[in-house]
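Take a look at this one chain, the form predicted alone, written out in C-alpha cells.
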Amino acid sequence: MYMLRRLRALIDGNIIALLLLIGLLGLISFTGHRFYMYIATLIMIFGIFAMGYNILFGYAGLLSFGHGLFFGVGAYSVALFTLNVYRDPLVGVLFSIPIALLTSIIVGILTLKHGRVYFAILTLALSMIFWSALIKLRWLTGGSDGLVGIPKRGVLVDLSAPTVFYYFTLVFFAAIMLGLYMLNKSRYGLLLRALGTNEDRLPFLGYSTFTLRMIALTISGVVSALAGALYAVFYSVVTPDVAYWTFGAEPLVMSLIGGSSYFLGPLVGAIIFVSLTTTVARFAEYWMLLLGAALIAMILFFRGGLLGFLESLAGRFKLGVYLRWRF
C-alpha cells in the first residue's frame, strides 16, 4: 500500500511528458534523416545544460552569469583527457564528472557566502577568468583555436556512426532527466525550492542555507559540465567561446522561455531556442535580428514562460487539474 501511494505521488504530468519525449527522441533515428538527428542531439545537449542551470536559478533562486565556466570545464576536460591520456569518449565524459564536482565546490566556496547580486557578479567574473586562461594557455588549450580531433572512436566505444552517437547522447539525456525528476520529488528537491521562496525560514528549521546552496551549485555544475562534455564529443572540437559569458547566458534564456518555475520549462525552452537558432539561420539573411525579436516577444508576452501561458490557458477551460507542470 505504501509503495502504491509512493508511486502515485511520483506520477504527474511532468514524468508522463518526459517519458513521451524520450520515446519520441528514440524514434527520430529511424527516419534516417541526419538533420533531424542533428537538431535532436543539440536539443538533448542544451536541454541538459538548461535543466542543470535551472537547479540553481529556478530552484535555489540564484542567478548565475557564469555557467559557461562549468560547460567549458566539461568540454575541455573530455578534450584534454581523450587527446592526451586515454582515447575513449565514454571514459572522457565520465572523467569530466569529478573535475566538474571539484570546480563546483571551489566556485561555491568563493561565491556562496555572498548575497545574490554579488553571487551573479562573481560567477560572471570567474567565468571570464576561465575564458581568459583558455586564451592565454595556448600550449595546453590551443588558445583561441581550441582543441580539435576529439575522438569519437575509442578503446571501449565507437561513436563514429551518427546513429550510435545519437543513442549515446539519448542514454545520458534520459538518465539525467530521470535523475533530476527524482531529485525534484525528493526531500532535497523541496529544500532546494525553499531556497528560492523563503530561505530565511530554513535556519529556524535546522538547515544550513550555505550547505543547501552548495548542493544546488554542485548538482547544477556537474550536470552543465556533462552537457559540455557531450557537446565537445559531438563536434570533435572545442573553443574558448563555450566559456564566454554570452554562451553561459543561453540556459538563462531557455529557462525564461519555457518557464523557470516549471520542471520541464528549461527543456521546453531548449527545444524552442535550438529550433529557432538552427532553422531561422538556414532561411534568413538577418537571422540574428529575427531570432532576437522572436525571443523578446516570447519573454514579454508569455509571462511565466510558455508553460505558464499553457497553464493559465488550461485554467480557463477547467483543465488545470490535468496539467500539473509546476515543481
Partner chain sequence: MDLTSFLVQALIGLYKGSLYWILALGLVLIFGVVRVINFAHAAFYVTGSYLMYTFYTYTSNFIVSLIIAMIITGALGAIVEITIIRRVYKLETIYQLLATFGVALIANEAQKLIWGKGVVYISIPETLSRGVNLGGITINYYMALIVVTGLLLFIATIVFMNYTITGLRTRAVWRDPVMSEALGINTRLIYTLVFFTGTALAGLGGALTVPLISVGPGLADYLIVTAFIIVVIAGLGSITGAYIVAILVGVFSSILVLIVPELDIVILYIIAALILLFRPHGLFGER
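Please read these numbers as outputs of a predicted model, since none were measured by experiment. Numbering follows the first chain given and starts at 1.
Same protein, other form: the form predicted together with the partner chain, not shown, and the subject of what follows.
Visitor: In the predicted complex, does every one of Thr31, Tyr36 and Ala161 come within 4.5 Å of the partner chain, counting any heavy atom?
Guide: Spot residues vs the partner chain: no contact at all.
Visitor: Report the stretch among 248-256, 170-178, 214-222, 83-91 that approaches the partner chain in the predicted complex to within 4.5 Å, counting heavy atoms only.
Guide: Single hit among the candidates: 248-256.
Visitor: Counting non-hydrogen atoms within 4.5 angstroms of the partner chain in the predicted complex, say which of Leu140, Val157, Leu102, Ile121 makes the cut.
Guide: Exactly one listed residue reaches within 4.5 Å, namely Ile121.
Visitor: With the partner left out here, check for me: in the predicted complex, does some heavy atom of Tyr59 sit within 4.5 Å of the partner chain?
Guide: Outside the cut-off, so no.
Visitor: Does the partner chain get within 4.5 angstroms of any non-hydrogen atom of Arg153 in the predicted complex?
Guide: Looking in the predicted complex, residue contacts with the partner chain do not include Arg153, since no heavy atom lies within 4.5 Å.
Visitor: Going by a heavy atom distance of 4.5 Å, is Val280 a contact of the partner chain in the predicted complex?
Guide: Contact with the partner chain, no.
Visitor: With the partner left out of view, is Gly26 within 4.5 angstroms of the partner chain in the predicted complex by any non-hydrogen atom?
Guide: The answer is no: Gly26 has no heavy atom within 4.5 Å of the partner chain.
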